[in-house]
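Single chain ahead, written as structure tokens, the form predicted on its own.
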Amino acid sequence: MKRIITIGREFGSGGRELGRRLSEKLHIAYYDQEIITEIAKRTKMSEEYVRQITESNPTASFPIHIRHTFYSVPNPVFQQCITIYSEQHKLLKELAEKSDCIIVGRCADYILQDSNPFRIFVYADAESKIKRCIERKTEGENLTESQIKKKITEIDRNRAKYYEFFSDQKWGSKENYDLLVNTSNADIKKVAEAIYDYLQDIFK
């Protein structure tokens, strides 16, 4: 049985760390930022621009009546968004075909639905997400707690809009996932160990 795992996650929930730990324990490939790098290479756009598009609210750039029907319109930003999403779609299919893997974000659960992936969604309460962001802040980042909270809200809103725009499904809704993981006040390492044990039965 092919082991394809997708991880949707709220910002600050620890979903990325959970994905890395699971990939190490399962000895399978892990894809996250690598996807941005490859899309940038294929589209000849900068990584920063690709990241900006894939983490933004698409309705700000797309004509409201277009949704996920792809055809030519005289809007260069729209065309670039379509190019990026199309390359993302092809790349995720290639990665899933290539080997067992874990893919974080990128609408992977929807794009790879024909591969019957095990779909995980990771979430946490606001206090835990803020605390995790503070603990993992990069050098030189000096956001206040209020600014971090605002950043989390904005990123999650854009992730939801992006996912819903392309999939016509609700981001984070229990009907769209096989396992919902609440990491509030949780040790991600221990959560990964518990999920690993569970997946051992799933992938027999």
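Computed from a predicted model, the values in this text were never measured in an experiment. The numbering used is simple: start at 1 and walk along the sequence shown.
One more form of this protein should be noted, the form predicted together with a further copy of the same chain, which is absent from this view; the next part is about it.
This chain appears without its partner; in the model of the complex, the one residue of 48, 135, 175, 141 with a heavy atom within 4.5 Å of a further copy of the same chain is 175. Put simply, residue 110 is far from a further copy of the same chain in the model of the complex: not one heavy atom of it is within 4.5 Å.
Although the partner is absent here, residue 29 is not a contact residue: none of its heavy atoms lies within 4.5 angstroms of a further copy of the same chain in the model of the complex. Interface residue remark: residue 24 is not counted as part of the site for a further copy of the same chain in the model of the complex, having no heavy atom within 4.5 Å. When a further copy of the same chain is considered in the model of the complex, residue 10 lines it closely, a heavy atom lying within 4.5 Å. When contacts are defined as a non-hydrogen atom within 4.5 Å, none of 54, 85 and 96 contacts a further copy of the same chain in the model of the complex.
Interface residues of 165 to 204, taken as those with a heavy atom within 4.5 Å of a further copy of the same chain in the model of the complex (partner not displayed): 172, 174, 175, 177, 178, 179, 180, 181, 182, 190, 191, 193, 194, 195, 197, 198, 201, 202, 204, in sequence order.
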